[in-house]
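Just one chain follows, in the form predicted alone, and it is written as structure tokens.
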């Protein structure tokens, strides 16, 4: 009996040692958005399940993009998992910089990922990043202020109505801005917002011969409208406001309207964080009168594995856990269905409890209305709505967004900003051999 006990103990010790030897510590770079912060708070469940530990590098959006791009292009090896999006994934997948996610488990059910998300995170039919959440953009507005103004928000408003409503709800004495929108420099911050706004005025980044179009009247109309709207009814210093800054303003009751990522809906309707949670309505992103394109984008914050990591197997286990149906159910159990990561899985929108969430239907409608293959009124040679899916875009769009932010801050005119944008993009495209 004693020998048997010793053998059993030795066997158990051996199994524990083997499990310990296989455990990894994963370093994950992510953006400082609320859903990612929530994920970090739940990773003990992943460690308990797999034995793998996680170290987080949480960064502001512009800094994250710079850090992960530098790391992957220089093969720095700082991260085992990166949070990236629909712009980077196909380009980096084509270059062989990412580990393909073509062997996910049957239980994971890769076919359940919304087609819009799976397509945007694939190259040549292979998935290279898994969506943690997906989004489009939409109007979030104060129903109490809209009623007080004697107006009714249409399901599909125009920019002209948005300006009328902003004027009616603007109340500086009560510290309420008629509207809060992004002005912060960065291609994925204010750059993304002004690009989709320009789309909805009939503008485009390039014509079919890759000639930049900032010298065309549609861009002038869009940028003039936006600058005037924000100067008249936006918050002071809006030129430095991005997603998180406007989220905070809206939650504090300082915005009549906010047009931004659909993922924000769970935060503005959460009574623990938002002072106006019971007075929020939703509508489709606006278009300009007579223009068929709305100013909604398509995006996913997704998890990808850089090809240089030595911990790819453990990294895949984390991605399977964090982007799974199981994770959605975990968040629902702990924080309610309104707070689960949206826009990634078809099954979520078939769940009866989630169908009761007030913004669920509008989010899905906005996502389905976004078409990256047909983003503008006039024909273009590129794919992408709030971005142009070419490697050069991140650099040139960041420079362009800086010029636009300078115009928002009153440091130059709209005409000066557009002229500089035209020159920046023209020089870059010639240098890159597009013409």
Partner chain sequence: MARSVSTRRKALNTIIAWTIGLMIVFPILWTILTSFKTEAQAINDPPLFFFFDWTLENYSVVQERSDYMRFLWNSIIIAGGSTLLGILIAVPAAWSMAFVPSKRTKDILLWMLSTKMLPAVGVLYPIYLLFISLGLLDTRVGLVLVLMLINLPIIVWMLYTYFKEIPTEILEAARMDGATLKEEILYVLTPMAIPGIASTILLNIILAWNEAFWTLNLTAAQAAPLTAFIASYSSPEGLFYAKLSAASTMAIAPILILGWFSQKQLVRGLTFGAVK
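Not measured: the values here are computed from a predicted model. Residue numbers count along the first chain shown, from 1.
Keep in mind that the form predicted in complex with its partner chain is not shown, yet the notes after this line are about it.
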- Item | Heavy atom contact within 4.5 Å of its partner chain in the predicted complex, the stretch among 386 to 394, 366 to 374, 403 to 411, 36 to 44 | 36 to 44
- Does the trio 69, 182 and 267 actually contact its partner chain in the predicted complex, every residue with a heavy atom within 4.5 Å? yes
- Query: Heavy atoms within 4.5 Å of its partner chain in the predicted complex: does residue 399 have any?
  - Reply: no
- Message: With a cut-off of 4.5 Å between heavy atoms, is residue 247 one of the residues that contacts its partner chain in the predicted complex?
- Response: yes
- Determine whether any heavy atom of residue 133 comes within 4.5 Å of a heavy atom of its partner chain in the predicted complex, and answer yes or no. yes
- Task: Considering only heavy atoms, tell me if residue 263 and its partner chain come within 4.5 Å of each other in the predicted complex.
- Result: yes
- Task: Heavy atom within 4.5 Å of its partner chain in the predicted complex: which of 310, 292, 74, 174 fits that? Just give me the one.
- Result: 74
- Note on the structure: In this chain shown alone, the residue from 333, 103, 272, 209 with a heavy atom within 4.5 Å of its partner chain in the predicted complex is 272
